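A single chain, nothing else alongside it, follows as structure tokens in the form predicted on its own.
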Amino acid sequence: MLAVRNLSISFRMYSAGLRQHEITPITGLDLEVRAGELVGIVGASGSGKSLLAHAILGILPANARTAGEIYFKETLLTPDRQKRLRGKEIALIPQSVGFLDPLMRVGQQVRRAAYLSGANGSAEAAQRQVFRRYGLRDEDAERYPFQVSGGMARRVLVSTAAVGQAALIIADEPTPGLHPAVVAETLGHLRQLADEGRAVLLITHDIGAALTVADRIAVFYAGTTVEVAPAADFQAGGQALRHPYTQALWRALPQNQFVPIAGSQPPPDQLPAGCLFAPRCPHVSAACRAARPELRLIRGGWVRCIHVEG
């Protein structure tokens, strides 16, 4: 459904004295998601998760420069094609319920999404059907966003993506600050969409929550994919995981060893020449610092590390 190949994104910036410089928050990033699959994207803040979503949708700012390729249904996503598909075949569930129009009733917002995405039948019938599916009443459609709870607003956002014919749904941090029951409900809705045959990308900081619904987990670090692993590999002490950063991320969770690692993710204007994780890696060698490793298929998962053996 979606294939991202060697994607890099740079921004031309101006510093003090109007000096021009360039930062590269995404470099050499690769990712695939299939129909019927939910792929979780995890990583630290600034690792490129939300930026990837914007690149897929074609909503990067004017000072962005991109390289690499993004394919949707095996056809290259050009700017014109992104514009045609955005909100129709490719739908976004944004981070915040603040993206709902505060001056428009929630039912009207879902009906508008149904109309734009070409839902079968009337937009009003489609809105009522999707509301029933997600436990929203007919009278809720007449409420404004400030008149519904946070969980209800989250269900409205999911409804705007589910009401149409979108084949790819990108959920960008859909659960921050929500009650655990609402988190489980929201993730369950995304799993349902994948089970219907759609492709779902779940961008999140909560790796534990992602593992409850994801088929695979893609781990980002400093703007690149360091590992894509089956969700089943995230268990016990993380011995089945391949990349040292993924292992460290897993062990840092409170329910595991809660062990932090030294150092921090490099900023996009100070990326090391070789492996991006090399300055923090316990297995670093001269070869790691010489060149950035390619993604390799090892033990049923993809990893960007020269030290991992099959």
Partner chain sequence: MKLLLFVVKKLARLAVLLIALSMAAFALVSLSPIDPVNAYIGADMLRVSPEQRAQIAERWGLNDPPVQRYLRWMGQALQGDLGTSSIYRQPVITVIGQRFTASLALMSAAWVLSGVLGFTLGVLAGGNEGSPLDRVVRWFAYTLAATPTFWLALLLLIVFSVTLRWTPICCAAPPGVLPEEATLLQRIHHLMLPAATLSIIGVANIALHTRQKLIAALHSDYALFATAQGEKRWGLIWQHGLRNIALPAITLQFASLSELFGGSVLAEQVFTYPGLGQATVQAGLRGDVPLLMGIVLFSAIFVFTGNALADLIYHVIDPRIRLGGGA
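Quantities reported herein were computed from a predicted structural model and do not represent experimental measurements. Residue numbers count along the first chain shown, from 1.
Omitted here: the form predicted in complex with its partner chain. The next part is about that form.
J.: Taking 4.5 angstroms as the heavy atom distance cut-off, pick the stretch from 247-255, 269-277, 51-59, 23-31 that is near its partner chain in the model of the complex.
T.: The contacting stretch here is 51-59.
J.: Since the partner isn't included here, can you check whether its partner chain sits close to all of Lys83, Gly87 and Phe146 in the model of the complex (heavy atom within 4.5 Å for each)?
T.: Verified in the model of the complex; spot residues all in contact, yes.
J.: Taking heavy atoms and a 4.5 Å cut-off, does Leu76 contact its partner chain in the model of the complex?
T.: Looking in the model of the complex, residue contacts with its partner chain do not include Leu76, since no heavy atom lies within 4.5 Å.
J.: Contact with its partner chain in the model of the complex for Gln108, defined as at least one heavy atom pair within 4.5 Å: yes or no?
T.: Yes, Gln108 is a contact residue.
J.: Could you confirm whether Leu92 comes within 4.5 Å of its partner chain in the model of the complex, counting heavy atoms only?
T.: Contact check for Leu92: yes, within 4.5 Å of its partner chain in the model of the complex.
J.: Decide whether Leu100 counts as a contact residue for its partner chain in the model of the complex under a heavy atom distance cut-off of 4.5 Å.
T.: Heavy-atom contact with its partner chain at 4.5 Å: present for Leu100.
J.: Please identify the residue among Ala236, Ala125, Ala181, Met104 with any heavy atom within 4.5 Å of its partner chain in the model of the complex.
T.: None of the other options qualify; the answer is Met104.
J.: Of Met152, Ile207, Leu116, Ala167, which one comes within 4.5 Å of its partner chain in the model of the complex, counting heavy atoms only?
T.: Answer to the contact question: Leu116.
J.: May I ask you to list the residues of 25-44 that have any heavy atom within 4.5 angstroms of its partner chain in the model of the complex, in sequence order?
T.: Going through 25-44 in order - heavy atoms within 4.5 Å of its partner chain in the model of the complex - there are no hits.
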